[in-house]
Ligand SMILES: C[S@@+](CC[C@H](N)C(=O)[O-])C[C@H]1O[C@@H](n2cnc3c(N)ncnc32)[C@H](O)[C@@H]1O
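Read the single chain below, which is given as structure tokens and is the form predicted on its own.
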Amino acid sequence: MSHYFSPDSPGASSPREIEVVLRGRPVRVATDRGVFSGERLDPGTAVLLSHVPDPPAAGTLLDLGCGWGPIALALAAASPQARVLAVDVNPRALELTARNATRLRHAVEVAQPDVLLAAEPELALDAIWSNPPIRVGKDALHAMLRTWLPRLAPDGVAHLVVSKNLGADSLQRWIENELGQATSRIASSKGFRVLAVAASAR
């Protein structure tokens, strides 16, 4: 069975358009069946976008697990001079993110994670914003975070939103203990934690 966090075909398409508000800005976007939260702005993503500080004005910013693109679109709107990357294993998600960025006149580069890292093995990131796919399972989630969180530049910060009931507090401890990256909770709202992860000690 294919899932939104699977690289397999996400099944039959059922495109739609929805109205959402991204960091105070109302926009109309394209979504579809077979992508994460295709019918609305996910509540966790909404909490993240409501509580993160502004991203760096320049540098390389990443939306990790972009879905149809709300986080990437918010990053690009806040930092038009930055390089904004959006990665996802779901091909339909990448197509939708690219389409929505074009519609809103944002510069967003979309890519499969493995393809991006093969092309740029030394990629360093000034910010990561993510609503990570907790339901993919601990092993896959930890592998994803091991791949991306250590790529933060020395002054970079990752902001993650995780449901309290799906292990936000244990994930915070895991990042600190296993990756050696200082992690703090900057917000708690509507059952979600927003975690700020510092770069690895150099």
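Note that the structure is predicted; figures quoted are calculated from it, not measured. Numbering starts at 1 and runs along the sequence shown.
Just so you know, the form predicted together with this ligand exists too; it's not on screen, but the next bit is about it.
Taken together, 20, 73 and 95 are entirely out of contact with this ligand in the predicted bound form: none brings a heavy atom within 4.5 Å. Although the partner is absent from this view, residue 128 stays clear of this ligand in the predicted bound form, with no non-hydrogen atom inside 4.5 angstroms. When contacts are judged by a 4.5 Å heavy atom cut-off, residue 168 does not count as touching this ligand in the predicted bound form. Mapping the unseen interface onto this chain, residue 59 falls outside it, with no heavy atom inside 4.5 Å of this ligand in the predicted bound form.
In the predicted bound form, this ligand stays beyond 4.5 Å of every heavy atom belonging to residue 55. Judged by heavy atoms within 4.5 Å of this ligand in the predicted bound form, the contact stretch among the candidates 133-141, 24-32, 152-160, 172-180 is 133-141. Using a 4.5 Å cut-off on any heavy atom, the residues of 54-71 that reach this ligand in the predicted bound form are, in sequence order, 63, 64, 65, 66, 67, 70, 71.
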